[in-house]
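For reference, the chain that follows is the form predicted on its own, supplied as structure tokens.
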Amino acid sequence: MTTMAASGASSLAGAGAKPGSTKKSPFGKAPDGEEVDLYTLTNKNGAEAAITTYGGSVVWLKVPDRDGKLGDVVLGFDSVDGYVSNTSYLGALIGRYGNRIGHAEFKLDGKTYTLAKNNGENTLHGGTKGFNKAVWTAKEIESKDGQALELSYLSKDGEEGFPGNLHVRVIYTLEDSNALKIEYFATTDKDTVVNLTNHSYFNLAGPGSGSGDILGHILMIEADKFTPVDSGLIPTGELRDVAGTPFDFRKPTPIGARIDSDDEQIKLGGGYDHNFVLRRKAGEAISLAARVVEPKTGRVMEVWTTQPGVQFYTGNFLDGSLHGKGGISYTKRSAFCLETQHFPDSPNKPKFPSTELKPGEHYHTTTIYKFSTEK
């Protein structure tokens, strides 16, 4: 990950990205021959976010370190071909249902809906062809806060087994404050379930740092409880206290401090791959979910969200066979994910916050990744 220095990402960026601008360029073709585009958003400070219409994926995200040097802090690929064959969801928009649904089925209004089993006996991230494999329609839009791109997609009734025609919009805004804001919107014409998120893999060390993993990143998560899982990584339904466990990130702690412990949940996940139940004060619309510091570069990332949960994942299934930007091999624990969400398997867990969406209702969630530095 860390020798990603420029080859892939910077050649893609193409000189000429001007501060306070959005640039459109070709990115290849989808398997059906449809043209795929890449939009490079550059804020007034020169920070960049590149978004492809294939899967709505964040291809690169360049933010400054404590010395003002820009570095790419996400995993990705040089062209659309990598995203077509990608099974790790690098940077992708996830839907209809982010995370897992147990036994690939759920009941709604007395009817059982059967989904694809693409993760053992379970459904993961929307099924065999989730939103990460769709070509989204893009439109540049005005924003007082920075550069914005709206992506839209119609998920038709019955797609991957889910009911209802679901109209989805996602707005990416690269703010001049060096924050990447993602807003999700959806409406349906039939009762359905929805859980949208983004699956970017972060390594705040950036290119050329010489540090191949994220175990030294310092993490804080605003959660007193997490949802323990079974052997299929499906929540058991329990909300378990983090106190006294490797899941206690209430105080800033190195990601690697307890990642190889003998804790049963750590062993089940092969590391961290768990949903955390976020604290939120009454009446608080959006709140801090997590804060990550990379000591060598001084980069800081805060995750703010309106969602009730966040999935913390430490790249446990990256095995080096995946080659990304510049041909770099993505190895185990070379990046982490903080996927804001409703809880996994909520359609089958009545006590979890509901993910149901009905006709006439408007799904709207917001997540902001705020970047800064510290000495």
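Start at 1 and count along the sequence shown; that's the residue number. In this text, all values refer to a predicted model and were calculated from it rather than measured experimentally.
Omitted from view is the form predicted together with a small molecule, to which the following refers.
- Residues of just one listed stretch (234-242, 251-259, 123-131, 104-112) have heavy atoms within 4.5 Å of the small molecule in the predicted bound form: 123-131.
- In the predicted bound form, the small molecule sits within 4.5 Å of a heavy atom of E339.
- Using a 4.5 angstroms threshold between heavy atoms, Y39 stays clear of the small molecule in the predicted bound form.
- At a distance threshold of 4.5 angstroms between non-hydrogen atoms, N195 is out of contact with the small molecule in the predicted bound form.
- When the small molecule is considered in the predicted bound form, R100 lines it closely, a heavy atom lying within 4.5 Å.
- Think of it this way: in the predicted bound form, the small molecule has a heavy atom of just one of S88, T173, T187, N178 within 4.5 Å, and the residue is S88.
- The contact residue chosen from F276, Y201, F77, F162 relative to the small molecule in the predicted bound form is Y201, the criterion being a non-hydrogen atom within 4.5 angstroms.
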